[in-house]
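What follows is one chain in structure tokens, specifically the form predicted alone.
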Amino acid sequence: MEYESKNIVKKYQAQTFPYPSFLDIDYTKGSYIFDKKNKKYLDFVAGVSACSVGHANEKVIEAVKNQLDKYYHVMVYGEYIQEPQYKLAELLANHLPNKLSTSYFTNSGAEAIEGAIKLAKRITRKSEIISCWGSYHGSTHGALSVMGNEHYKANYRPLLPDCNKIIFNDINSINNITEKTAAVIMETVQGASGFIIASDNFLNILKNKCLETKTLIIFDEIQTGYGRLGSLFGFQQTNIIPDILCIAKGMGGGMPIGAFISSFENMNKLTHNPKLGHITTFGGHPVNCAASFATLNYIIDNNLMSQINAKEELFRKLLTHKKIIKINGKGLMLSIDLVNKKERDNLVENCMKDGLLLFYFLFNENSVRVTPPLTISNEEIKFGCEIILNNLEKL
């Protein structure tokens, strides 16, 4: 049966990677994924940071089922009043600065980036978008245009014009931002390059330069929100409030949803000249908004963010081994840096055989991603780290 299902997937379902793991999923619960042979895997990936409150979270399931009983899709985005949408928008506004009061809900993080790029051009009437080398913002056309890795872009050119780069954490390259720049888009923690943290000095100088050149700041917090760094969003640990905030992944507790968020004045520009400035049929889907509302409330009600630093410290304390060069990242967004790609691949593959799921980075061939659900227990952290250490001994 397993062989048959694998062949069906390979034949009829479009693939993006030559050698997927083909883990045959049966069900999930908490920090664990179970395959069709009833083998359980401790999940240190969480759907690439998406399953923020654990798998099959009861509050999220309850919210989804309750909403399904009422209605699911009824009309394209923005035409009807739908309670799950406005309740989520209000809750987000209550936990964000006034400058970020108004949300536009999308289907994904990539669409949030696309909307943010459009909004920045609409606000400033300028065309240049600057991003950082090593950045990842999605794979759709506009998001790909601002990606900071040419290897993944070359076969899809020509892309959007006037997309230029600065070097992440390099103060001198900030001078490439000029009065022609509509927006700078960047991550507070680079998600595809091995969880490199933006330095305070770099961010402060960037902020001053953008004020000088009347350039908007777009923060891509698609992987860092909700709560993965110990605060709802990464910018809350800096001196910068972005002009536009992009979120997705963990905000749905595993359900597909994203958002770009700005001030009412900025977002209202999408209503005229032209009207329907950004259109989506399924963005803000009521079931997904209900899931996101439940996810955010669960994180807040259970004080999950207050536990993140201690969980990070436990990971760092346990993951001490001669094969580990260093651990990058912050909170529950950690990167184990090894010597080379071979060791990385062997660690991920062997840990999977032993019932622990780890994952790769898109742009960093030597590092292993550790992004468990925020709900992971100390006992599960210890168990998973023991598997990692045992396999490091075998490398």
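Residue indices: 1-based, along the sequence shown. Treat the numbers as computed from the prediction; the structure is a model and nothing was measured.
Not on display, but discussed next: the form predicted together with a small molecule.
Note on contacts: among Pro286, Gly138, Gly194, Gly254, the single residue with a heavy atom within 4.5 Å of the small molecule in the predicted bound form is Gly138. Think of it this way: in the predicted bound form, the small molecule has a heavy atom of just one of Gly109, Gly115, Pro242, Gly225 within 4.5 Å, and the residue is Gly109.
Picking from 93-101, 130-138, 208-216, 145-153 the stretch near the small molecule in the predicted bound form, with a 4.5 Å limit on heavy atoms, gives 130-138.
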